[in-house]
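Take a look at this one chain, the form predicted on its own, written out in structure tokens.
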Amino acid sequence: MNLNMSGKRALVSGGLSTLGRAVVHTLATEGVEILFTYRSEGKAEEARELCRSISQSYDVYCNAVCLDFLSASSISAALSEVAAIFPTLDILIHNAGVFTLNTQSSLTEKQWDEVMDVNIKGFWRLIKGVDPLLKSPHGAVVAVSSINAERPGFGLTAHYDASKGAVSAYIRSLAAEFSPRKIRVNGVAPGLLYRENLIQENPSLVDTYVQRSLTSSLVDVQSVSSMVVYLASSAASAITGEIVTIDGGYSLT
């Protein structure tokens, strides 16, 4: 995209997810130095491999930190490590999240708490910890919400929809609160992303989405990652408090 981002520093949460990986790669193509988080120590080698691939392919700095949003001590330790590596941040991208399917009658309190703790409380904890590092002026925050925040309808996702509704509200509130410091806060609201495991595990959900989508398809991950990186760039300097829908027209039907 050639967004003139070379040398900027970004922290990406959930860097090993399908979308997280795409965001990391897209940032790297723009010359951004990257630090991403991953949830468990069992993924440490996978994280190191992604860092090696990014550094070799794009000749940019890339590192990873283990951060479990369900653990206050993990978050505290990870954020201390982040500050030691990147004393200042140009960009924060909050992508980490939990998506599960449950009827409300079968959903347990533990399952509800996990979704809320990762999707919205985790976002709050991350902002609180990273806030002192964000550059002012010209810092940028981009968070991943969902079309379910504005228009629920997949079915079996009321708990997830509630968490993403909170994420969208938080994005807009932060944009207003951070505006005196000239830090922009935006979000993206993707529809159902194309992932092989999703197609295999939830074919009925995929069929429902594809039939309603104006493009008759799931959402291409690269479309979302490109928008995330654009919103984080100076090319979007006049955009704040916005949540961009990327759903192939699903929400219009």
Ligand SMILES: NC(=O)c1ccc[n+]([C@@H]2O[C@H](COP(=O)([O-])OP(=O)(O)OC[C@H]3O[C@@H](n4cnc5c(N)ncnc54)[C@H](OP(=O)(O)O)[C@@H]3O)[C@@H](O)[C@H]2O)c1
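Since this is a predicted model, take the numbers as computed values, not measurements. When you see a residue number, it is the position in the sequence shown, counting from 1.
Quick note: we don't show the form predicted together with the named molecule, though the next part is all about it.
Considering the named molecule in the predicted bound form, the lone stretch of 123-131, 103-111, 88-96, 168-176 in range is 88-96 [heavy atom distance within 4.5 Å]. Taking the partner from elsewhere, Leu67 is found to have a heavy atom lying within 4.5 Å of the named molecule in the predicted bound form. The named molecule in the predicted bound form is approached by Val118, whose closest heavy atom lies within 4.5 angstroms of it. Looking at Ala140, you'd find every heavy atom of it more than 4.5 angstroms from the named molecule in the predicted bound form. Contact annotation: Pro190 falls within 4.5 Å of the named molecule in the predicted bound form, judged by heavy atom distances. Here the marked residues Cys51, Tyr61 and Ser225 all miss the named molecule in the predicted bound form; none has a heavy atom within 4.5 angstroms.
Contacts of stretch 29-43 with the named molecule in the predicted bound form, defined by any heavy atom lying within 4.5 Å, are made by Tyr38, Arg39, Lys43, listed in sequence order.
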